[in-house]
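Shown next as structure tokens: one chain only, the form predicted alone.
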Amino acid sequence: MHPGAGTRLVALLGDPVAHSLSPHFQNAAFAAAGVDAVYLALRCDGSAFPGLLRGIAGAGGAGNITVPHKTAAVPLLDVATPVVERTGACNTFWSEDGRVHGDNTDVEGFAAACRALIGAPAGARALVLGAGGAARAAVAALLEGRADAVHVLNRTIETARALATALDPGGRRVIVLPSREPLRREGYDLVVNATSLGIDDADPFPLDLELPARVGAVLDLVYRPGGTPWTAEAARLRVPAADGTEMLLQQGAAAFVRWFDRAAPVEVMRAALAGGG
């Protein structure tokens, strides 16, 4: 199907976006489903982002939001799902009845990726690195999955505390670590990289995996063909690990449902992702 005057624009808004595989697997899904839409990745900074989101939605379009705009998207919505309100982050938007709607399908995506790696997180102890939009989705999914404890480690401790307050107001299960030093005494069933470290070749590891007393599994929300350097390091240490490909797929399938109100062709999307673009 060739784009025409009636083609719906679906866009990924963020910075950076050049590495994204979303256009590849979403356009494959659009073709398989026979929907008249095209998915594009649009790099935008913080000043351009609000106008782009509202303008695309106002023209009947839709899209995804990635780093660093997931929290900035929330006040731009006319209608936010309970998941957006709970996490304070939005990664999916669309127009409906003349209003801009938003959801956070990262929570669904993370939950599916977590189950694929370690099974249900009930009773697990987890460490989440980062406190941005992806970290909020990860912590929300772990809490919903009845994880026993979630520790959060972030460069800016105030941001991590805001996350903990929003998602665990009673402070019973989400603990903000003041530094890396306590990790020497802590063991985790799952360690999650919810930072952007790993997108660039020159990035350091988000965490030395030999620092915690125990690491049961590693989930890197960054994705790269063949895995990330951090998942390769986990494999060297014989720690089960996965990159963010499964989360990317599952959040994208959930977003497809929001945009078109029909089931996503998940296996077509999976095959496109496996092809790597």
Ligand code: NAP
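Being a predicted model, the structure only gives us computed values, none of them experimental. Sequential numbering from 1, following the sequence displayed.
Not on display, but discussed next: the form predicted together with this ligand.
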Worksheet item: Pick from 140, 114, 174, 131: which has a non-hydrogen atom within 4.5 Å of this ligand in the predicted bound form?
Response: 131
Practice prompt. Choose from 34-42, 242-250, 48-56, 229-237 the stretch whose residues reach within 4.5 Å of this ligand in the predicted bound form, heavy atoms counted.
Written response: 242-250
Worksheet item: So in the predicted bound form, does residue 179 come within 4.5 Å of this ligand, heavy atom to heavy atom?
Response: no
Practice prompt. Flag residue 154 as yes or no: does it have a non-hydrogen atom within 4.5 angstroms of any non-hydrogen atom of this ligand in the predicted bound form?
Written response: yes
Item to complete: Report whether the minimum heavy atom distance between residue 165 and this ligand in the predicted bound form is within 4.5 Å.
Response: no
Worksheet item: According to a 4.5 angstroms non-hydrogen atom cut-off, is residue 81 in contact with this ligand in the predicted bound form?
Response: no
Practice prompt. Between 8-23 and this ligand in the predicted bound form, list the residues on our side with a heavy atom within 4.5 Å.
Written response: none
